[in-house]
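Shown below, as structure tokens, is a lone chain in the form predicted on its own; questions about how it binds or moves come after it.
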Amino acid sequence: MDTTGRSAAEHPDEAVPRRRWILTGQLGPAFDDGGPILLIESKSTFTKRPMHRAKAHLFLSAIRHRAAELGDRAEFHQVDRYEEVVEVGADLEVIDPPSWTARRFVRERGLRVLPSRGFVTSEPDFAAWASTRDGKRLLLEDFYRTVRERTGILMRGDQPEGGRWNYDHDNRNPPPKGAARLGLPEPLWPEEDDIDAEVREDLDRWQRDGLVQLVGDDGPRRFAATAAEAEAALADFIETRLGDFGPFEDAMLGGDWTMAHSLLSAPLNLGLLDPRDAVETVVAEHHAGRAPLSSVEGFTRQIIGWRDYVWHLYWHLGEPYRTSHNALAAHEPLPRQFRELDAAAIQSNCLRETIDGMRRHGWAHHIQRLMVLGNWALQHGYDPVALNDWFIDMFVDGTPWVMPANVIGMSQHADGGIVATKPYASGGAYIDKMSDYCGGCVFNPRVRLGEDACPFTAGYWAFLDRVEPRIRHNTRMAQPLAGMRRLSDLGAVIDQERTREQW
């Protein structure tokens, strides 16, 4: 039985290879079983909302490179809308698409739907695991351990490699004191070709004609657009940055936008890399004595833990999850500085550096996303749906499935605790500890009142006061709320933040 509910008997032409429609998130070898391929470049994908130019370039480059690789085996269409090619009852098969909208589209047209791919665990695997929880929360840590046990990755029999399930404690080092960079070699950047030049010309024309709204710089392409480029990027990460990835996984430096990160999230989400193969390649480095366990486990956790987890939560929580939660009553519109990635007028050094890095690259690493961008948005009460869409549109690795659990759930606590047990809010002290941002800033992370009061530090207490009625029963927030109530200058801090010019 396939996922459309039709039996093999209902497919009398099964011996005849069907054309397989490959979508943008399915561009790697794992989605190609050797038959005829349909590729569709739909301009409407890029016209719905403003999009970072680096993301639009990467997506167009990836699908056009795939068409070129497949040659005569591919039927490639460049159209305004998918409906121009995909008709109801079309003799097509498709691997289950990676969004609710796309899944509805293919089912409405009666296409043959194959089970999804591109993750370490299947949707039935997750459903079976979730059914055993007996009403308990679906915690990442429990899921991650189950995947490790099922796959044998980083396991010694029934015990975790090294005797510990995670090395988070070892992977929270601040950057080296006085360092402007980690001192690692530049990542291996892909070389642009004629396809990239054509993409650039098309985007220039579309923008000139008012067909698309592009945000951010037209820089050289920094992320893999082919499977070969993705494999080369993985090999380069292993050779030059894996050893430092774990210890400095959460660290930030204004002069080092890549730090020791792999830069593999975009090619993974395009389907160019098989996640299990990537993890097993990294794990083999530890077994060969060439990589520390803390770094290897941190990478493994990100891929077979968090990445699989948010994919499954996207389907498990349902399509309404993205728009039906606003537990902290956050309704403020996104400011122009976010929407236009305009860092020039931002005074807070950490936020300015992060927004400016996004403008240049369409990317920021996970701590910048959570503890700078997300923390700022949380404290200022930005509308979580608008913020979720912004993250999808402004990041090269942004997809409809990856952001809801990350933004609606973990970052903004809009779901009231379904994904994360407490709001991820903090004052400037955390940013000061984990970065060099505060040293050159006009604000002082230790000050909450006055001209040099840090917007994150003062904003933290103003945020707690604003949402206190909604979080007072959260046991994990009892200590911060008690601390807030002891502040003798709380009223003055709240008044200051109410009238402060944000930028």
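Keep in mind it's a predicted model, so treat the numbers as computed, not measured. Residue indices: 1-based, along the sequence shown.
Below, we refer to the form predicted together with a small molecule, which is not included among the displayed structures.
Looking at L370, you'd find a heavy atom of it within 4.5 angstroms of the small molecule in the model of the complex. Put simply, D202 is far from the small molecule in the model of the complex: not one heavy atom of it is within 4.5 Å. Taking non-hydrogen atoms only, R172 never approaches the small molecule to within 4.5 angstroms in the model of the complex.
For Y382, no non-hydrogen atom is located within 4.5 Å of the small molecule in the model of the complex, even though that partner is not displayed. Listed stretches are 71 to 79, 205 to 213, 398 to 406, 283 to 291; the contact stretch with the small molecule in the model of the complex is 398 to 406, by a heavy atom cutoff of 4.5 Å. Listed residues R109, R222, R359, R307 were compared with the small molecule in the model of the complex; R307 is the one with a heavy atom within 4.5 Å.
The contact with the small molecule in the model of the complex, taken as any heavy atom within 4.5 Å, belongs to A364 out of A386, V147, L184, A364.
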